[in-house]
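Quick setup: one chain, the form predicted on its own, written in structure tokens, and binding and motion questions come after.
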Amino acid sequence: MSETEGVAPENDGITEAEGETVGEAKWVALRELERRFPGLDKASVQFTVLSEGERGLLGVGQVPARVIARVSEPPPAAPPASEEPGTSAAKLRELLERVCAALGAPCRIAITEDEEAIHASLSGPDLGLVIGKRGHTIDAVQYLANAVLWRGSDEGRKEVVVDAAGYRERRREALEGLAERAASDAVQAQRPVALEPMTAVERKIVHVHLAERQDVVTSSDGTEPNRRVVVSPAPSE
């Protein structure tokens, strides 16, 4: 499987990316730089458009948009995870390569590790197949990765986080916005507001985001796959 599709090699502060539109290509490039340089100042990133792309008739002959992103003064890069044979990172790469190949979505996989988690960042032109509707596929892939890597052992266990083209950050921002609107509606109308059905991963984002608010409480209701978060006004003291 190729590891050079979608984003260029990791030259210092420079990356090349592609997408269906220039905006999507810029997003992919920015997510790659943020993965490589935690704490990156987005204002320091400059883009050069190599191709604006072309939409072929009925999707045939489509040419992706391509951009180069440069960071004027990149912060220290996140160290890549050790991928010596038998390590968790090596096992994770092998698993993801097999899954992406089975889905027909060849992509580039970058793996980093910190004290709490192992992060796998996927980039490439066909990641919609990996993400799936409302992130159901990538959530399933992440669940599978956690189960396979730590099967039969909890020693040295870390959370495995799998992302594709910055999807998780975009979805997190969307869910937090949805949570805030639901909280405002619940407080204003003084009644519970039920959100759309979500995965366990997404429900956790909503619960955590609203936990610091004193005017609402959250709960989960229903059964999978239709379990949802309910935002209610906090009971008066």
Partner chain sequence: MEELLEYLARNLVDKPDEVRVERTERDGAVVLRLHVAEDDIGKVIGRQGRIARALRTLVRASGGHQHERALLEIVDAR
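Computed from a predicted structure; not experimentally measured. In this text, the rigid core denotes the largest set of C-alpha atoms whose superposition between the two forms falls within 1.5 Å. Positions refer to the first chain, counted from 1.
One more form of this protein exists, namely the form predicted in complex with its partner chain; it is left out here, but the text below deals with it.
> Taking 186, 230 and 234 as a possible spot, do all three reach its partner chain in the model of the complex with a heavy atom inside 4.5 Å?
None of them does, since no heavy atom lies within 4.5 Å of the partner.
> Is residue 159 a contact residue for its partner chain in the model of the complex, using a 4.5 Å heavy atom cut-off?
No - in the model of the complex, heavy atoms of residue 159 and its partner chain never come within 4.5 Å of each other.
> At the 4.5 Å heavy atom threshold, is residue 134 in contact with its partner chain in the model of the complex?
No, residue 134 sits far enough from its partner chain in the model of the complex that none of its heavy atoms falls within 4.5 Å.
> Answer with yes or no whether residue 224 is in contact with its partner chain in the model of the complex, where contact means some heavy atom within 4.5 Å.
Yes.
> Look up in the model of the complex whether residue 117 has a non-hydrogen atom within 4.5 angstroms of its partner chain, and give yes or no.
Result no; residue 117 lies far from its partner chain in the model of the complex.
> 89, 109, 99, 71: which sits within 4.5 Å of its partner chain in the model of the complex by any heavy atom?
Going through each option in turn, the one that passes is 99.
> So which bits of 111 to 149 sit within 4.5 Å of its partner chain in the model of the complex, heavy atoms only?
Heavy-atom contacts within 4.5 Å come from 129, 136, 137, 140, 141, 143, 144, 147, 148.
> Align both forms on the core first, then report whether residue 198 has a C-alpha shift of 2 Å or more between this form and the one not shown.
The answer is yes, as the C-alpha of residue 198 shifts between this form and the one not shown by 2 Å or more after core alignment.
> So the Cα-Cα distance between residue 21 and residue 103 shifts by 3 Å or more in the model of the complex; is it shorter or longer than what we see here?
So the answer is closer.
> Relative to the form shown here, do the C-alpha atoms of residue 200 and residue 116 sit closer together or farther apart in the model of the complex, given a change of 3 Å or more?
Compared with this form, residue 200 and residue 116 lie closer in the model of the complex.
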